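Just the one chain here, laid out as structure tokens, in the form predicted on its own.
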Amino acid sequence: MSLVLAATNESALIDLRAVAKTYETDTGPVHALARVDLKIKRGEFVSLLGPSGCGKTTLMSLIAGLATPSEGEVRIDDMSIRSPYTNLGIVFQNAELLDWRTAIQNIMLQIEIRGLDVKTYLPIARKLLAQVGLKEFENKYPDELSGGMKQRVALCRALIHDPEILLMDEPFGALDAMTRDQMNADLQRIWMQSKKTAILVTHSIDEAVFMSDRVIVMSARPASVVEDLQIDLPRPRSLDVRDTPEFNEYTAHLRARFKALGVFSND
């Protein structure tokens, strides 16, 4: 198997053009991103992989329109993004559920805020809960749910309004290894059914390879794209794919890349 760099000349749903971001702080400017060029096609699953604090979350915030670039332009569906973009769902590092609302009420909060018809979306919320294995937990409160269950509810909340784009900021990082594996399998199944354009921020090389069509390797801050790697593994991917030579070739390649960048020690 040969490793392939992803083509970037095809039409894109998400198009970042020489995007840079600098934050002004009391101690001086912090350069988070350095002229990032990136195209993401409709229906792709792309992971942003890089060292902690390199600007992955900043890049995701720019795509969502929650921040504006200091230089360059973010375009979605050929529209320049300078304010919050609404046709997307976001799953954060923490589930961010409201303690006084049940699981299904937390999901429906998205519908209420958007002013959509609750009666129309309530059956959809129940269907999503069933898809993530929480059919019997819709009336449970967050303190009655495990960490993995809370993140499943957060995923349902991000998907309830059927967004075109799904953004995920290290959503499974705080989970134990077995729960994280199951969440990756569940997310892959849901993504294959819905074909959302998905962007996952992660520090896990194995997770990035398992989940993605492409892995975007980012340097330390100020971040730039140092590699755009296409993952040519058949779908659906079972967890057993991680034991194959092909999977291990991708992960070894990425570890070597980060070692060359100085992220991993040579000792």
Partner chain sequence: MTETVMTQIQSTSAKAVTKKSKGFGFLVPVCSLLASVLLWEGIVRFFSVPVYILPPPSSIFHTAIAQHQYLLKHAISTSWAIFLGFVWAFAIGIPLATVMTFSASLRRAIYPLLIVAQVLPKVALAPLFIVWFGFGMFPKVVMTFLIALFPIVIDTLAGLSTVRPESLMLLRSMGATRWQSFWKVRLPTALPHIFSGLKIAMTFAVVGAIVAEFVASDSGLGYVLVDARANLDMVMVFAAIIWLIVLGFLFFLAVELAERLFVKGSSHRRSQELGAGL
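Residue numbers count along the first chain shown, from 1. Quick caveat: nothing in here was measured; it's all calculated off a predicted structure.
From this point on, the text means the form predicted in complex with its partner chain, which you will not see here.
Enquirer: Can you check whether residue 71 is within 4.5 Å of its partner chain in the model of the complex, heavy atom basis?
Expert: Residue-level check for residue 71: no, no contact with its partner chain.
Enquirer: Is there a non-hydrogen atom of residue 110 within 4.5 angstroms of a non-hydrogen atom of its partner chain in the model of the complex?
Expert: It does: once its partner chain is placed as it appears in the model of the complex, residue 110 has a heavy atom within 4.5 Å of it.
Enquirer: Going by a heavy atom distance of 4.5 Å, is residue 136 a contact of its partner chain in the model of the complex?
Expert: Answer yes; at least one heavy atom of residue 136 falls within 4.5 Å of its partner chain in the model of the complex.
Enquirer: Taking its partner chain as it sits in the model of the complex, is residue 194 near enough to touch it, meaning that at least one heavy atom pair lies within 4.5 angstroms?
Expert: Answer no; every heavy atom of residue 194 is more than 4.5 Å from its partner chain in the model of the complex.
Enquirer: Thinking of 85, 140 and 157 as the candidate spot, does its partner chain come within 4.5 Å of a heavy atom on all of them in the model of the complex?
Expert: Yes, because 85, 140 and 157 each have a heavy atom that approaches its partner chain to within 4.5 Å in the model of the complex.
Enquirer: Within 4.5 Å, heavy atoms only, which of 162, 77, 176, 96 is in contact with its partner chain in the model of the complex?
Expert: Of the candidates 162, 77, 176, 96, 96 is the one lying within 4.5 Å of its partner chain in the model of the complex.
Enquirer: Just one of 30, 226, 66, 241 has a heavy atom within 4.5 Å of its partner chain in the model of the complex. Which one?
Expert: Only one listed residue qualifies here, and that residue is 66.
Enquirer: In the model of the complex, which of the stretches 58-66, 199-207, 35-43, 214-222 has residues with heavy atoms within 4.5 Å of its partner chain?
Expert: Among the listed stretches, the partner-contacting one is 58-66.
Enquirer: For a quick check, can you give me the residues of 23-38 that have a heavy atom within 4.5 Å of its partner chain in the model of the complex?
Expert: Not one residue comes within 4.5 Å of the partner.
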